[in-house]
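One chain is shown next in structure tokens, namely the form predicted alone.
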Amino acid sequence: MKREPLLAALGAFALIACAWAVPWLKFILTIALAKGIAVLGILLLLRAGQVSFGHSMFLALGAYTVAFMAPTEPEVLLLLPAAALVATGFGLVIGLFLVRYRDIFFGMLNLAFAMVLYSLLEKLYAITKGTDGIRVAGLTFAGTQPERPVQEWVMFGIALGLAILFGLLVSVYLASPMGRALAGIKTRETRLEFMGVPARRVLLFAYVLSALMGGVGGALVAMTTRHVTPQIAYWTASGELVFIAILGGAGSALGPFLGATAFELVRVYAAAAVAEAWQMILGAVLLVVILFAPGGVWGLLSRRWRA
């Protein structure tokens, strides 16, 4: 815990240096930070022993909120809270139902809700433009619309700032009594109830917080790519988030960002080197992590640091 602020500062400095040295990496790193924020929500659920196989629905809610609102309200400082609010509202409604279930039922019900949303986004062509998607209108930053290179730096800065903010929030939350109760849900939920701690409320709060971060991550993805399609809600998108959570490790709030950065960089360079087999390379990386570094990238770094 004492090392995390130092590692976070070093990581932020490394990202800025990479974006400065290789300008085209700004886009990749911004997407990685956005997905890292969303994966923080999965980390909270993993602490409770639950896995969401449909967490991409909150990314989709945040992304489509931006796409629908941008033509009339292009201000980024308003679009981000709106996306977070929409995702949080849906997370609360869905969570009230899902916190009744555990393990595989919890994961598959999340997947079912995500696929229902995907089907609606794909079929309601008059509203969502179906698989063609929606082009995000021009955005403004504090009332101004800078040139594209400046916009890229601004989006990168916003994503990095939000990543640091949510990372600190999750670290404080996990160290709090409510955060520690999540581990109780994973190990001895009945004991929590005997102690007077309502397990469903604890899990509901974590689920709603994860939905909020998913909505923010989806909004950042939409603002960065400037195009939103139903594919962002598909089960493969949720699989990516779980992949990143495993790759980064659930031992720290830094894990999701380590995993997201590694995932995006491996995918980009693998696709450039072996265009027809990059999925195989990603799968091999995941197998290596599971076999030789079950704690993910964070676990590997922690062991090296202690050594």
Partner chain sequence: MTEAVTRRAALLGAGATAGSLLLAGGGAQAQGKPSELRVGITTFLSGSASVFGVPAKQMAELLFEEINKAGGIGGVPVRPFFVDEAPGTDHLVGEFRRLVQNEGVQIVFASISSGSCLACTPLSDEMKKTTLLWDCGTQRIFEEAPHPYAFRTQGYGTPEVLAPLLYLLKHKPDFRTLAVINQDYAWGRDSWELWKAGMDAMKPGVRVVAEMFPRFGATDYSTEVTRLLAARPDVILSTSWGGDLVTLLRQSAERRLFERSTFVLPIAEASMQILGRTMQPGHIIGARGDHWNNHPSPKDPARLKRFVDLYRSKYNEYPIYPCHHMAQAISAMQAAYAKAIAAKGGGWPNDQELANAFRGLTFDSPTSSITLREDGQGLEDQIVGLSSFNQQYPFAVPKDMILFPAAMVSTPVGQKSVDWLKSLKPDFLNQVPAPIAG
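Positions refer to the first chain, counted from 1. What you are looking at is a predicted structure, and each value in this text was computed from that prediction instead of being measured.
As for the form predicted together with the partner chain, it is not shown, yet the points below apply to it.
When contacts are defined as a non-hydrogen atom within 4.5 Å, all of 21, 268 and 276 contact the partner chain in the model of the complex. The stretch from 116 to 124, 67 to 75, 155 to 163, 212 to 220 that comes within 4.5 Å of the partner chain in the model of the complex, counting heavy atoms only, is 116 to 124. Although the partner is absent here, residue 12 lies well away from the partner chain in the model of the complex, with no heavy atom inside 4.5 Å.
Residue 225 belongs to the set of residues with a heavy atom inside 4.5 Å of the partner chain in the model of the complex.
None of the heavy atoms of residue 144 is located within 4.5 Å of the partner chain in the model of the complex. Interface residue remark: residue 35 is counted as part of the site for the partner chain in the model of the complex, having a heavy atom within 4.5 Å. Along 227 to 255, a non-hydrogen atom within 4.5 Å of the partner chain in the model of the complex is carried by 227, 229, 231, in order along the sequence.
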